[in-house]
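Take a look at this one chain, the form predicted on its own, written out in C-alpha cells.
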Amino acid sequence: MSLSLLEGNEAVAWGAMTSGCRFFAGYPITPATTIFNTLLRIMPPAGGICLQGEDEIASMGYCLGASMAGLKSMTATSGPGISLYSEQISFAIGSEIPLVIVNVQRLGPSTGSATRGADGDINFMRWGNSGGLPVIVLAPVDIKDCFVLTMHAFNLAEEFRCPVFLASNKEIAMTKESIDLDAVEKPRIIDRIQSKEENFLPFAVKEGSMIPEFLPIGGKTLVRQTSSTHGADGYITTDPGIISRFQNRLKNKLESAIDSFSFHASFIEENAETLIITYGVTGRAAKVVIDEQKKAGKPLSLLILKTLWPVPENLIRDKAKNAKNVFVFEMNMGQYVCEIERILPDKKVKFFGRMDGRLITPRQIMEAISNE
C-alpha cells in the first residue's frame, strides 16, 4: 500500500489484519462502525470472518468463542456498547481469553452525543469488570498510533492471554490523515504459545512463567473452559489457596510486566519546571503548546501516555522527577488525574478537563498553565 488517506478507524482495521486477526464481530454504533465496514471489505478475501451480531453482547460472545478456537479476534464499539460488554470482559479476564476491544469513545453518559468525542470511559475500561482485576488499555494519538497500537494490542493479548482495549475516540477515529502503511515500522508479531504437553492442563503455568499455554477448544485434546473460579485443570474450585494464587497471578502477570509496554511520547526539557501529562487526541494540542513555548524561550515538558492501564508508574515518576508543577489535561471531568496525584504526592498537580463535545485547544492549555 502506498501513501493513503485514511481515517483512524480504517487504520485500526489494517492494523488488525496485519497482526493476523481473522475474526471480527460487532454491532453498528457511531463512531466505531467504519472499523466494521472496513473489515467487512478486506477480511473475507483474506480468509477471515467478519459478521454483525444481533447485539453487542452476542458480538462479544462470538469473539470469545472464536478466540478460544484459536483465531485472533477483535470487536469494536462505543459507550453504550462497552457497557454491555462488561460481563464478557470479566469472562475474558478470568478465563484468560486473548481479545482486542476497540472502544471509540463518544460523549456520554448513556447514549450521550453520538457524533461528539470524549475520553469518558477511561476508568470504566479499567474497573468495569467484576473482581476489579487489571486489563491493558492503550490510547492512540493519531492515525499512525491507530495502526501500530492495534498491532501492539494483539501482541499483548496473545502474550498475556487477556483482553486489551484500544481507547480511541471520535476525533481520532473519524479524522482522515495521510499515511504510508508500508513505511511504518511495525512490531514483531507475537502468537500465543501452543502447548505440546501430553497431559494438558488449560490453566497450568510452568516454573518462571505466569501465562498458561494454549490449545484450542474443539481439537484432539480436551480443553475445559469455565467462567467460574477454577484450578489449573479448568474445574471449578472453592479452595481458598488455589483461588488466592489464581487471583494474584491474574493481577501480577500484567502489573509486573508494565515497564515492557509503557508506550508513550515524551518531550522533556531539563530546565522546565512544568510538566504536562495527557493522552489521546489532547496530546496533539499539548505538543503545539510546548513547541510554541520553546520558541519563545519558555520551555515546558510533555508526557503523552499511550499505555494507560496498568498505570506505568515508573515511567511517570521518571519523566516528572525534575518538575515542580504537573498539569493533567483530559477530555473528561477528571479520571486519570487521580492516578497522577497518587503517584506524584510530592508534586503540585493541577487538572483541566473538558467534557462538552469539543476538543481541548492549545489556547486553553496555555491559559490553564499561565493562570497558575
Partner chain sequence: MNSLLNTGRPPVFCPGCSHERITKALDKALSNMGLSGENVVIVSDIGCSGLFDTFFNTHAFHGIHGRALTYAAGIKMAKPDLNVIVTMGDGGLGIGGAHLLAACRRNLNLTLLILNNFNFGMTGGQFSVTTPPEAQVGSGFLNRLEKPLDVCDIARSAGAPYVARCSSYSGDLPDEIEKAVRFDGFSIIDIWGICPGRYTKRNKLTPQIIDESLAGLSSCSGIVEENKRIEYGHNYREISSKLKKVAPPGGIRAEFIFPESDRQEVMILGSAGQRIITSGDILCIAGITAGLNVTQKNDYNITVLRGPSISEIILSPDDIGYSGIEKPSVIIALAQEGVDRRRYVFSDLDESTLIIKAAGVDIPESRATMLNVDFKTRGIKSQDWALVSLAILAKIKKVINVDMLNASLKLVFRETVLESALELVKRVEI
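Positions refer to the first chain, counted from 1. Keep in mind that this is a model prediction, so the values were computed, not measured.
Not pictured, yet referred to below: the form predicted in complex with the partner chain.
Enquirer: The partner chain is absent from this chain, but in the predicted bound form, do Tyr27, Leu156 and Gly208 each have a non-hydrogen atom within 4.5 Å of it?
Expert: Zero of three within 4.5 Å in the predicted bound form.
Enquirer: Although the partner isn't part of this model, could you tell me whether Leu181 comes within 4.5 Å of the partner chain in the predicted bound form, counting any heavy atom of the residue?
Expert: So Leu181 counts as contacting the partner chain.
Enquirer: Examine Gln225 and determine whether its closest non-hydrogen atom to the partner chain in the predicted bound form is within 4.5 angstroms.
Expert: Within the cut-off, so yes.
Enquirer: Taking the shortest heavy atom distance, is Gly353 within 4.5 Å of the partner chain in the predicted bound form?
Expert: Gly353 lies outside the contact set for the partner chain.
Enquirer: May I ask you to state whether Ile217 is within 4.5 Å of the partner chain in the predicted bound form, using heavy atom distances?
Expert: Because a heavy atom of Ile217 falls inside 4.5 Å of the partner chain in the predicted bound form, the answer is yes.
Enquirer: Counting only non-hydrogen atoms, which stretch in 283 to 291, 74 to 82, 238 to 246, 261 to 269 is within 4.5 Å of the partner chain in the predicted bound form?
Expert: Going through the listed ranges, the match is 283 to 291.
Enquirer: Leu201, Met174, Ala257, Leu133: which sits within 4.5 Å of the partner chain in the predicted bound form by any heavy atom?
Expert: None of the other options qualify; the answer is Met174.
Enquirer: Since exactly one of Glu273, Glu197, Glu87, Asp191 fits, which has a heavy atom within 4.5 Å of the partner chain in the predicted bound form?
Expert: Exactly one listed residue reaches within 4.5 Å, namely Glu87.
Enquirer: Go through 12 to 31 residue by residue and record those having a heavy atom within 4.5 Å of the partner chain in the predicted bound form; state none if no residue qualifies.
Expert: Heavy-atom contacts to the partner chain in the predicted bound form: Trp14, Phe23.
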